[in-house]
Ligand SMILES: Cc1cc2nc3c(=O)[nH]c(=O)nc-3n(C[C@H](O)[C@H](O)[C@H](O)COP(=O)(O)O)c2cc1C
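Here's a solo chain for you in structure tokens, the form predicted on its own.
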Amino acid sequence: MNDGNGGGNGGGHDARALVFRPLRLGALTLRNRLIRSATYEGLGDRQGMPRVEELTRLYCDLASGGIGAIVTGFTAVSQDGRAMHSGQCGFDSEAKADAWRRVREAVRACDPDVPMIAQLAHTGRQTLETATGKPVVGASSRACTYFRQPVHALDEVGIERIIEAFAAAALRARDAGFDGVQIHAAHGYLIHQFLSPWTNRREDRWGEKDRFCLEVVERVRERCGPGFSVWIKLSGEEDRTPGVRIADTVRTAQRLESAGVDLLEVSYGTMETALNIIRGACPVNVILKVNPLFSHISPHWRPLWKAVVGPKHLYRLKRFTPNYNLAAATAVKEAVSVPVAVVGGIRSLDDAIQCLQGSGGPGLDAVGLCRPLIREPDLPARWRNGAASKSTCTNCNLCTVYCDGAVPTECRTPHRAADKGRSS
């Protein structure tokens, strides 16, 4: 869906224009091809109520920084679908929707041209019973090796309840003034658990891997109407065998296109090997300090854990490379006509241009940015005006690891004086 070729590379004028060309998504128009991909903010209270003032400040900074659209961090559609993160926001009540309405109105006053999309999620087996106060549920009873919780396989009543929870949350988002929703079907959360043969071992009708995902989309569409934008986030592949492979994701994407989704965003992986979703450094000492799944390990035993257990985890980690999900997203784009975006490893204007121009395949329609915008919310504007061509994000992953604790997400690597105005 790219409107012509960018011509040239290296951030040249014509190629830069490709990045900042408007993108039509059904009834919605983005002013450029850069999307703030869903990024956990940690700005909810322990009941999931959005902290309006802080979220408004964050999103206004992103809007004034030149982004084409903002996707919120993952919001819970129900109490049993909450994550272990104490600062996760919800869209599971009218009171929370009213708080989101105030955020949306304030951001629209800052910049009326930036669409906001609410990401809706149910964690399924990837949570803690202590966080939800309810039994952990999933597509099957297979437990997650990361969370290590007993899992109750959902029955028909439970499945219908959660489908309805997605639809109700989407309607609340629409009525709160959001321009659309993104249904989180990636990263090992509940919808992904139904898509994956690793976790979906059912023998009933829900054993058809993409049935649950399609039912959620159809219910949201039915409830919110045709003019409301519906996006989907998918993991192109995962680390388990048997697991989701790109051929599976392509088939799912084709069925989602028929269901009328407006944008497919391609990511990677599950929380069983969480750092393979984002890649980069693995700050082990910080993980042992702040992650509730590891912080219980006594400081006395941590050196032994790092020597014996740690290497097994590190061995499974994938190396960070630019545009590491581009091949998977291109395979999806080759199979569908619906717009396709990619997230993962986009750190420079040239990276974005490569995604949009195509390399050995069709160009994508948009690119998602996460960690670079935590550090530099004005990065799109700086790319556009030529003040920078690269992000100064170092992929240290301190932002990601600290957000597993009880603090808001922020960049924790000091800015150097040379970073300001950096153009290479």
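Only a predicted model underlies this, so the values are computations on that prediction, with no experimental measurement involved. One-based numbering along the sequence shown.
We do not show the form predicted in complex with the named molecule, though everything after this point is about it.
- Contact with the named molecule in the model of the complex, judged as any non-hydrogen atom within 4.5 angstroms, is confined among 358 to 366, 372 to 380, 25 to 33, 52 to 60 to 372 to 380.
- F74 belongs to the set of residues with a heavy atom inside 4.5 Å of the named molecule in the model of the complex.
- The named molecule is not drawn, but in the model of the complex it has a heavy atom within 4.5 Å of C399.
- In the model of the complex, the named molecule sits within 4.5 Å of a heavy atom of H187.
- Q119 belongs to the set of residues with a heavy atom inside 4.5 Å of the named molecule in the model of the complex.
- This chain is drawn without the named molecule; in the model of the complex, the residue among V343, A169, A352, C89 with a heavy atom within 4.5 Å of it is V343.
- Three-residue candidate spot S93, R174 and R221; no residue lies within 4.5 angstroms of the named molecule in the model of the complex by any non-hydrogen atom.
- Along 256 to 271, one residue reaches a heavy atom to within 4.5 Å of the named molecule in the model of the complex: S267.
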